[in-house]
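Starting off, we have a lone chain in the form predicted alone, written out as structure tokens.
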């Protein structure tokens, strides 16, 4: 007898896998798990109160996102940030965010408003002395809004993927060395250039900003420039 349609779908298991993956991402981005930390299936399953297969699937998502690595006979561990990786992420960000900045004039007003709104959200978090995690989220959301100016959901999805990898590196950076106020001022200057119609100036400003960000991250992590 044929099985009923969709009988193989398991929404509850999928939802549990997503929740486990989300909790692991939170721990990674909050800096609770250092680079290279082994992610043992048995220990995680016991801690989170779920089955090992659920943990295994969640770890597979993190590996696919570049947040964890899987090695034969050694299992899964938190990804270790390398200089070449930071350099490549920042180079890719420039391609995406630079494209967005160059689209400022012809971008839909709704997309330009998204940039303005994300800037206000970020600077407001700075003024209100928000947590590091919230500042980091709003800071990176601003950069994604720049990519949004292209009007391409696919490019935005690519930028979001890069941000996930970057957040892992930032979680390992000494927070004392990160000056959120300077970052807020820099982002405000960038938007002011765009509002004045100086797209070329804004583009050059953004490129320097991303170059400086790369240097800062590498320096904080004690990594050698590739």
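Residue numbers count along the first chain shown, from 1. Whichever C-alpha set is largest while still superposing within 1.5 Å between the two forms counts as the rigid core. Keep in mind that what you see is a predicted model, and the values were worked out from it rather than measured.
There is another form of the same protein, the form predicted together with another copy of the chain; it is not shown, and what comes next is about it.
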Check for me: heavy atom within 4.5 Å of another copy of the chain in the predicted complex, for each of 21, 36 and 124, yes or no. no
So, residue 150 and another copy of the chain: in the predicted complex, are they within 4.5 Å at any heavy atom pair? yes
Residue contact check: residue 64 to another copy of the chain in the predicted complex, 4.5 Å heavy atom: yes
Interface membership of residue 154, another copy of the chain in the predicted complex, 4.5 Å heavy atom rule: yes
Give a yes or no for residue 114: in the predicted complex, does one of its heavy atoms lie within 4.5 Å of a heavy atom belonging to another copy of the chain? no
Only one of 194 to 202, 23 to 31, 42 to 50, 157 to 165 gets a heavy atom within 4.5 Å of another copy of the chain in the predicted complex; which is it? 157 to 165
Heavy atom within 4.5 Å of another copy of the chain in the predicted complex: which of 92, 83, 120, 141 fits that? Just give me the one. 92
Residues in 53 to 73 that come within 4.5 Å of another copy of the chain in the predicted complex by at least one heavy atom, in order, are 56, 57, 64, 70, 72
Would you say whether residue 74 is displaced between the shown form and the other one, judging by a C-alpha shift of 2 Å or more on the superposed rigid core? yes
